[in-house]
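This document opens with one chain alone, in structure tokens, the form predicted on its own.
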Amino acid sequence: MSATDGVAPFRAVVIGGSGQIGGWLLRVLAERGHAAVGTYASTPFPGLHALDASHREQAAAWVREQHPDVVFYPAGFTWVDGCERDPERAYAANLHEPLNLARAAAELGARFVYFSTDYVFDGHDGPYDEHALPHPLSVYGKAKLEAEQALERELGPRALVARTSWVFGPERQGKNFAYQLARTLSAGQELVCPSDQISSPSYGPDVARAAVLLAEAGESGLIHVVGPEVVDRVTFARRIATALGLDPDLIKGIPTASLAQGAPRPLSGGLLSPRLDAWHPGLMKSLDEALADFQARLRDPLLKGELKPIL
């Protein structure tokens, strides 16, 4: 049994264990007494198994060999502009490959947890709750929405879709927005941010913990897993900079239309999380609490060597 609250342990597979959510999923699963194995596609880490999800028959066979009770899929092609330029890859990584593994999981009676995005909305009147009608603007958003719909159609109550947004925090690879910001500002360079993009900053360790707790509870369907605040990108950036002791005056806001980004973005976006809040109120940290925890984890000697330093 779990050492924390009597939850029966299960066996999990994390596809994309080298990523920021995947890495924290593996840690939370271990802390809560579950057996878990993680995979990587291109960036190896100790203990992870190489898995190319584009080799669909082999990938499905490997998942079956693990005999999981739950498969988490935080992997995918999340570079929004790259998805716009390469729709085939976007649909393969965000729809066809996870659906293939979800079917393999379903054959075993396992559940499948898929991570989606607020980019399924057009950003005209956000933030959005789970009942809002999606209307994606980009290839990335369309592929994610089609995956949500396919999982619901084919797996029914064995599928859980966790939508999140603007995920940040300590991670193995140091790729998320907080790391990019720190590298730029610490070099004394100006960071340009869209002044009119609004969304929900979500702390990676909290997103992972929420997903594991939801899996433990047998929750299914669609649930928004996001931080409690909705802010614009410039405010988000300046609060990160201040927390990290960097100069927020180096952050410059300009309209999205002036950035010449390859894919359209939802502007008034963000997510509301009434299902999560009703089930587990206060689970997701405020932005200030998350930033304090971010720094504490980076200083934790038990995590040294596992997390990329912020500077």
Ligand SMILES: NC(=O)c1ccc[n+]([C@@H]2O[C@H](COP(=O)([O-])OP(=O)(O)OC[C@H]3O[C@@H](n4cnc5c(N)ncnc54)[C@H](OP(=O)(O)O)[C@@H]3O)[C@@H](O)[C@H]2O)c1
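Since the model is a prediction, treat every value here as computed from it, not as a measurement. When you see a residue number, it is the position in the sequence shown, counting from 1.
Although it is not shown, the form predicted together with the named molecule is what the next lines describe.
- Just one listed stretch, out of 247 to 255, 45 to 53, 277 to 285, 30 to 38, contacts the named molecule in the predicted bound form at the 4.5 Å heavy atom level, and that stretch is 45 to 53.
- The closest non-hydrogen atom of residue 13 lies beyond 4.5 Å of the named molecule in the predicted bound form.
- By the criterion of a heavy atom within 4.5 Å, residue 175 is counted among the residues contacting the named molecule in the predicted bound form.
- Within 4.5 Å of any heavy atom of the named molecule in the predicted bound form lies no heavy atom of residue 123.
- Within this chain, residue 128 is remote from the site of the named molecule in the predicted bound form, having no heavy atom within 4.5 Å.
- Contact with the named molecule in the predicted bound form, defined as a heavy atom within 4.5 Å, holds for exactly one of 235, 78, 220, 184, namely 78.
- Counting a residue when any of its non-hydrogen atoms is within 4.5 Å of the named molecule in the predicted bound form, the hits in 106 to 126 run 115, 116, 117.
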